[in-house]
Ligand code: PHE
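Next up: a single chain in structure tokens, the form predicted alone.
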């Protein structure tokens, strides 16, 4: 004996009238119930073994605008081959492309495919294209014609060759592909038996209302029992972006350690970005291939004459630092050039020029820019963690302790410091942390004590401990990523499933 609710009896009756097996749309039409009620009831009946649910995937493909253009004119390689045949089977690539009337961006595509299909070969020395053999209509051309005739096709209904051709056109971005799951409901023998029982359907309600109490109707209805252990629907509440969570954690750690946060403009003069840090004006890193220079305005203002003259003297002859400097004529014009800052050290050195009295403990977590190719580990725009400590008796050991505390609070307990070279610190080191999953050491930041050539022009007489490193690498370790582009890709699925950082 199975107790059926009103909606369950209606759903089973609709299934029986439809021959025992039907789609969701037909079931909604026959039962007269809302679509949400039908789906909820059908899934309940499935749990009771009264209904079976079959899922069929249907992938529909149709040509996009570019695909329709190729269907009308022919694929670029076919047009190139036709033009080549008109030119007696051999001609310069320029002449063939002109004869084929191909768009400029289609020529490399046509050339690549005509050689891949072995219809023709290109002599790179003479830039001459020559026909190899007669080209029959390919499977990609046949499916292109079929799509043009029918408008769209169901991929699962095609044969193996046609499905392979669909994948070729998909890779060439000539198709719009849309997948859909079709659900078919089928009544079981147990469902038919339950339906034929002449037992009156039970009216159930989900909420005890004042009306039910006042009319005493609650005595004739049954309140639905809720299964508190049943899984609920996934909920994706609004939350902070994972990278912003990492930034916030880094800020909070330094604030807990007694540091003060500083920020500065994204655009700086080359003076603060390079010259004040004792980086020579002919250094390769200052070239266009590494730095973004502004086109308009091109230049900015320099600070006070005392600071500028001191920095110029340090570069030219070492000034009072005991250094020999770089031995060249320092240029005011070069120092005035505006750049997208390549590191936030430009802000800390500017801060030092205005705040000379120790103790000083400041940090910055902000954006920087470098002219780098976009790869799985590099981007042209990223965040840097930067900071300095200024006091009379601080040493490199104090800096190592600060960095170790910071990374330990991020859960990175194995930290080592390896000696290295940086142009504006001496001694210098790099902080290395052990990645438990990759089982190798990873560099996270560079650090050291500012050289006299950096501190003397600013009037600083105490040791200055400094560090700087990329935040994204730390975020990748924290979030378990192997591609930095995931942090900026705005992929909704990844953003939803990434939990809030602890």
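None of the values given here were measured: they were computed from a predicted structure. Numbering follows the first chain given and starts at 1.
Below, we turn to the form predicted in complex with phenylalanine, even though it does not appear here.
Contact annotation: residue 468 falls within 4.5 Å of phenylalanine in the predicted bound form, judged by heavy atom distances. Contact check for residue 458: no non-hydrogen atom falls within 4.5 Å of phenylalanine in the predicted bound form.
The closest non-hydrogen atom of residue 448 lies within 4.5 Å of phenylalanine in the predicted bound form.
Under a 4.5 angstroms non-hydrogen atom cutoff, phenylalanine in the predicted bound form has residue 386 among its neighbouring residues. Only one listed stretch (179 to 187, 109 to 117, 419 to 427, 157 to 165) carries heavy atoms within 4.5 Å of phenylalanine in the predicted bound form, and that stretch is 419 to 427. Contact annotation: of the candidates 172, 355, 370, 139, the single residue with a non-hydrogen atom within 4.5 angstroms of phenylalanine in the predicted bound form is 370.
For the options 315, 350, 343, 79, the one in contact with phenylalanine in the predicted bound form, meaning a heavy atom within 4.5 Å, is 343.
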